[in-house]
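To begin, one chain is listed below as structure tokens, in the form predicted alone.
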């Protein structure tokens, strides 16, 4: 599903050159729940941004579902993100003046192939799956941090994306809410066969992944299939 070949990302700060990614090569299969792990500054988020079409690599190749990303125009990249990719960020990124239902519906409303009835139906269904249907008319500020992150996840998967990217989605949550979010990720990975690529620095999160790629100084230092513990 995702092919990455010799990916590099170089930032220049004056005369200093920083290699955030230094020759990363990976293949990610459909249906994997993969954790990108490593210390701060190892290149985890940079890699996620490259794969999610949120930033451009300095060199290398990314192919997603047979599409060479470098050959897409800016408009085609926007449409590719809308129709094929979903994103969950650590800061939730909800629109404060929209209700839970309206926030979740936003990505579906941007598409050209959904009727208003289908958008409402899809949004309601995913809110039921995330346990938030009874909060659908509330504003984000009326929810806990864990609930807001679950709204963010519902919004990310309402369009049934091929790949869900999550960047430290538990960073602002306590342990209890973190487990709720990770349990939800595991559920949608297993029941919906959702491909998930998640950045994390918390060692205990590895119990949820079925594959872990560890980075150090922008390089892959290990790539292991994990026998997931029973939930």
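Positions refer to the first chain, counted from 1. Predicted model only: the values in this text are computed from it and were never measured.
As for the form predicted together with a small molecule, it is not shown, yet the points below apply to it.
The unique member of 45, 67, 177, 58 whose heavy atoms fall within 4.5 Å of the small molecule in the model of the complex:
Of 45, 67, 177, 58, the residue with a heavy atom within 4.5 Å of the small molecule in the model of the complex is 45.
I'd like to check something about residue 39: if you look in the model of the complex, is any of its heavy atoms closer than or equal to 4.5 Å to a heavy atom of the small molecule?
Looking in the model of the complex, residue contacts with the small molecule include residue 39, since a heavy atom lies within 4.5 Å.
Just checking whether residue 221 would be counted as a contact of the small molecule in the model of the complex - the rule being heavy atoms within 4.5 angstroms.
Result no; residue 221 lies far from the small molecule in the model of the complex.
Please check if residue 20 has a heavy atom lying within 4.5 Å of any heavy atom of the small molecule in the model of the complex.
Taking the distances in the model of the complex, the answer for residue 20 is yes, it comes within 4.5 Å of the small molecule.
Sort through 169-177, 188-196, 22-30, 45-53 and report the only stretch with a non-hydrogen atom within 4.5 Å of the small molecule in the model of the complex.
Contact criterion met by 45-53 only.
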